[in-house]
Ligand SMILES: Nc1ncnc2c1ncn2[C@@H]1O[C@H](COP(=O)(O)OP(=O)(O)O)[C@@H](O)[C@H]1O
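Just one chain follows, in the form predicted on its own, and it is written as structure tokens.
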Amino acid sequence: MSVVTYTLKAGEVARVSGPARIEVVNGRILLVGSVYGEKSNLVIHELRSYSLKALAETELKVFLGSGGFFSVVDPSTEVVDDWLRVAEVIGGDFTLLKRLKVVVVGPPESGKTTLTAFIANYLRGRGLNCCILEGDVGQEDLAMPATIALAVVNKPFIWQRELSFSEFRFIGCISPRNCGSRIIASVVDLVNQALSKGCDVVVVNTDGWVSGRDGVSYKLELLRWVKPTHLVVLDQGLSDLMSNVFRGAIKVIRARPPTQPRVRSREERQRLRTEAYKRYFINSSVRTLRASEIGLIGVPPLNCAGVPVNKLLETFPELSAIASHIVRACKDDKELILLVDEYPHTGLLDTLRNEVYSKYSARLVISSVEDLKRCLMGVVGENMSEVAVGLVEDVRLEENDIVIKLRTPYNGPIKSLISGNIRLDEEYREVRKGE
């Protein structure tokens, strides 16, 4: 690790990339919306990069790890002054509005997470009670991937993972493409929770899906339900579109994206999510649950009235070839859903699907017990409150009931489980269901 001392004049701007540690020997700096003075020690993660501004003549001692970087730069090439303008505009409206709901949107790697933190830190420093809401299910900063989470900003912070979340909602996916309605409902719920608990300002970070008709439509639907007072947009074209759509109903503020963002590769993002899963389950234990005693939300074929196999064969004799492998069966007017202990070979499976559809106009859906293992599930406690996330370790048939072995850090009463589409391997890496 190298150690270098820098003296910045008032108004000078520097860029720092981790891994690094900054010690403020004397003076003051503005970093991610917070002011840090003498004896402050700031740690920059290896995957993060920030610009900082000297508010007075300042001496810094900078410790750089392998790959770390620190350099004084032209202020016009950095966004700190522009983001300060954005935060000041929002803060100036508080006297009139009393409650602020701020949503930050933009393309991937445009600085949304850092700008969200900047605004929250700045407004907290002005004496407002601030909450931050991580609405990107692919992020792991506040809670864990596949969730959105709310945190009270009770201290200056650089990266959201320095905060502790107070509430979360289990979404069950890491992309909004397949779970947009869950995200919208949960964001609205948590925003209302924050305001009801005394937050003056809620700053909402969002995912980067803003391209194409579907991405734009999803963001517009999110905004329609959240009803923010301020919308901060990190893209000129998107900002123009939002201004035209809302026409003064929402205050749209254009913000500059960083010119040299620290772009994380797909592998780095996957590694961060894996680390988050490991952190979450590090102090967990395995609990035994019975399907007959808990609610199962979106977990076919466990959350339905089962059909005995012998009765099933009376109606669908074609299934006799796999009868010995059927663990549970459910049926409605349009679908026949089977849980099996192992999949039939592809040729037989295709034949059965065709026969069931042609003869009974029903779609045959088959899933394996193995598909349920290592799946993430939301854990619901009293009063339909989401209290934790669980990882299914085992599923088996026992005394005409389905027994679920669930790993979770939560020790209280479990009333229901909520399904998702995330499955983890033994090393907590994401894999496709059925892989």
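As the structure is a prediction and not an experimental result, all values here were calculated from the model. Don't overthink the numbering: it's just position in the shown sequence, from 1.
The discussion below concerns the form predicted in complex with the named molecule, not included here.
Residue in contact with the named molecule in the predicted bound form (any heavy atom within 4.5 Å), chosen from Pro258, Pro301, Gly172, Pro156: Pro258. Only one of Ser51, Thr408, Ser34, Ser367 lies close to the named molecule in the predicted bound form, with a heavy atom inside 4.5 Å, and it is Ser51. Annotated contacts: Val137, Asp214 and Tyr218 are all free of the named molecule in the predicted bound form [non-hydrogen atom within 4.5 angstroms]. Heavy atoms within 4.5 Å of the named molecule in the predicted bound form map, among the stretches 84 to 92, 71 to 79, 287 to 295, 319 to 327, onto 71 to 79 alone. Proximity of Val43 to the named molecule in the predicted bound form: non-hydrogen atoms within 4.5 Å are absent; the residue sits far from the partner. The named molecule is not drawn, but in the predicted bound form it has a heavy atom within 4.5 Å of Leu47.
The named molecule in the predicted bound form comes within 4.5 Å of no heavy atom belonging to Arg423. In the predicted bound form, none of the heavy atoms of Gly125 sits within 4.5 Å of a heavy atom of the named molecule. Along 90 to 114, a non-hydrogen atom within 4.5 Å of the named molecule in the predicted bound form is carried by Pro107, Pro108, Glu109, Ser110, Gly111, Lys112, Thr113, Thr114, in order along the sequence.
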